[in-house]
Each structure stands twice: as structure tokens, then as C-alpha cells.
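The chain below stands alone and is given as C-alpha cells, in the form predicted on its own.
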């Protein structure tokens, strides 16, 4: 496993003023395009949760899916998509949240998680914590247990960790 020798930060591209002025977008596509780094990042994200009895990996649309699906396979768990409003075809739980540049709603199928499930929640970037807190709300509405939260990149200066007090949070990279 190449986790200690992999320079993940060098594979995260900063794009200023996207999607709007004043936002520094952290683009993970260079990391995803590097097969060794991608594989190592999935293994490193899985490591703190091996043996934790993870039943389902829930990931937030859309970049979270690029991490969540292989992470679920790595942990021998199922995968649960958390989607933007109106994208799921069945009955849903909903949660509203604020992000750096607007308001949004995410959803999860009502039957996606069961009360006995232990869930690992994953996303690409933790910024202010609004999206992740809303996703935690969805998982709690389902009655499942949140076994942990993981992100590829944590933007420490934005204080997202404070929005997730009480959660077992693992960040592969902190900027």
C-alpha cells in the first residue's frame, strides 16, 4: 500500500473562483486519474474502519460516489447513494442545508438503510460541514448508526469539523 509515500496533495488541483467568485474549488480528478494514488487513497480511507462492522457506505453526490463505491467494495459493504433533490425515484428522507454559495436539499431512499446497519459516510471534501451534517441527518432519520465519517480532503480553515462534533471523522488530507 502506497499511502505513506503517496503525495496526495500534489494531485489535488486548486481552481479559483469556481463555481463562483471567491470560492477555491479543490479538484480531485488528477488524483482519480493516477491509478496508484487512487487505489492507495481508497485503501487509506478504509484503514481506520476495517473491523468496524461497516454494513453500508453512504456517499454524497457526485464526487463522493467516486470514493464511496470502491470504498464499499474495499470494506465488503453495500453502497447507498445520497442524491440531490428530485433524483431518486422512490420514497425519500430529505434534509436541507446551507453551503458556501447557496442552499440545497439532499435525499436518501427510505428503504436504503435499516436500523441495524452500521454506516460509513464518505465525501470528497469537508468545507463548512453543511452537506455532511445534512447527510448525517438523513442516516439518523433512517434509524441506522453512523459508524464513521471520512473525507478525502478537509479544508480546516472553514471549520467543518465543528459541525460534526461527536462523529468519528477521518480526513486523508487537511488543507
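Since the model is a prediction, treat every value here as computed from it, not as a measurement. Residue numbers count along the first chain shown, from 1.
Keep in mind that the form predicted together with a small molecule is missing from the display, and what follows is about it.
Though the partner is left out of this view, residue 128 does reach within 4.5 Å of the small molecule in the model of the complex, counting heavy atoms only. Contact check for residue 26: a heavy atom falls within 4.5 Å of the small molecule in the model of the complex. Contact annotation for residue 11: none of its heavy atoms lies within 4.5 Å of the small molecule in the model of the complex. Contact annotation: residue 55 falls outside 4.5 Å of the small molecule in the model of the complex, judged by heavy atom distances.
Interface residue among 63, 39, 118, 109, judged by heavy atoms within 4.5 Å of the small molecule in the model of the complex: 63.
The candidate stretches are 65-73, 139-147, 118-126, 41-49, and the one lying within 4.5 Å of the small molecule in the model of the complex by heavy atoms is 118-126.
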